[in-house]
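Here's a solo chain for you in structure tokens, the form predicted on its own.
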């Protein structure tokens, strides 16, 4: 099992143009290319284990992938191929849930599986609504855990009011609706991240978003091919935003990142806490893209209970800023954290306690008493890449050792090399 030791850092001033490409958009580029009958061109595709696994699944379904280094060309098959073996989603819940929605209407038999961590994550939140519209899906524990077996079937149109704001659930249901027999209408309690709607609209899908509802018309012809440059991932960049916010006299510029409003909420919270942050938009095609400038500021405690679906992935890193901030910070309405790569409520609280921070766990979140000295200690990531990277940032204050860090490569392969621009980092076993 690998480990990471991070030393205390001094002030820094850096510009980063090599933040990992956006994982959510990269997954979708690979999957959505199968909705066209022409080759898609994708620049800056994320070269991480999870997204490469998704690309491999697309190949197993019959697509031809030509990799030119900076650019990937994906030519969809005339007819989807029934694979001879399991489709490996690695550690990605996004891949598994989106493929469930896509494959539910495709002719053939498909089995989705992943690593030991993904195999424990709940899938009924997607499987159950899909079954209600005619999908044939099964798996362990009554279809809740992988391996997930899918026999493609004709799907009915639906009116589905999702009980949770989840971009993965929403995307799976939209993909299913594209091949349903009638128009579908989907709603969710709060708007979740909207990459799927934006990208599919750009490809020519008939999707109408109004008054909190999404109307999806079935496809009558293949969609236009993608021609896209994947922006940098604001979720990945946020680790370094927190680093700049907590280390006095520090500054970082994160370049060419998605400025989608549903993706920068964590930066808005950090700004509210007292960090100096500026957003500089450069362009907008599928997504608004630009730079984010973050400078150190004296941080104050904050309550986070709204727009949780927009910052769910960044909450572990935000907890590090909360540990530094003056006062008691609280996270509420975030029970979704319990079904991520780890139970992130428990792992955040446990590891903050090990760092000498008073943090308490609640059913739907946690509270953090900030302002104390973060101790040099050892913590466990529990195979969760966001926990590993968040506490690596915490280590910049006074040092830390993180156990089980192989998971970092699943989402942010150059995280460690970027961290080494700020402080001394050592890998070990």
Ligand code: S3P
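Not measured: the values here are computed from a predicted model. Positions refer to the first chain, counted from 1.
One more form of this protein, predicted together with the named molecule, exists but is not displayed; see below.
**Request:** Verify the contact flag for residue 411: yes if a non-hydrogen atom of it lies within 4.5 Å of a non-hydrogen atom of the named molecule in the model of the complex, no if not.
**Result:** Because no heavy atom of residue 411 falls inside 4.5 Å of the named molecule in the model of the complex, the answer is no.
**Request:** Answer for residue 223 alone: is it within 4.5 Å of the named molecule in the model of the complex, judged on heavy atom distances?
**Result:** Heavy-atom contact with the named molecule at 4.5 Å: absent for residue 223.
**residue 168, heavy atom within 4.5 angstroms of the named molecule in the model of the complex** = Contact with the named molecule, yes.
**Message:** I'd like to know if residue 340 sits close to the named molecule in the model of the complex, meaning any non-hydrogen atom pair within 4.5 angstroms.
**Reply:** Taking the distances in the model of the complex, the answer for residue 340 is yes, it comes within 4.5 Å of the named molecule.
**Prompt:** Looking at 292, 312, 148, 304, which has any heavy atom no more than 4.5 Å from the named molecule in the model of the complex?
**Reply:** Checked against the cut-off, the match is 312.
**Request:** Could you check which residue among 271, 106, 94, 250 gets a heavy atom within 4.5 Å of the named molecule in the model of the complex?
**Result:** None of the others qualify; the residue that does is 94.
**Asked** Using a 4.5 Å heavy atom cut-off, which stretch among 41 to 49, 54 to 62, 23 to 31, 370 to 378 contacts the named molecule in the model of the complex?
**Response** Among the candidates, contact is made by 23 to 31.
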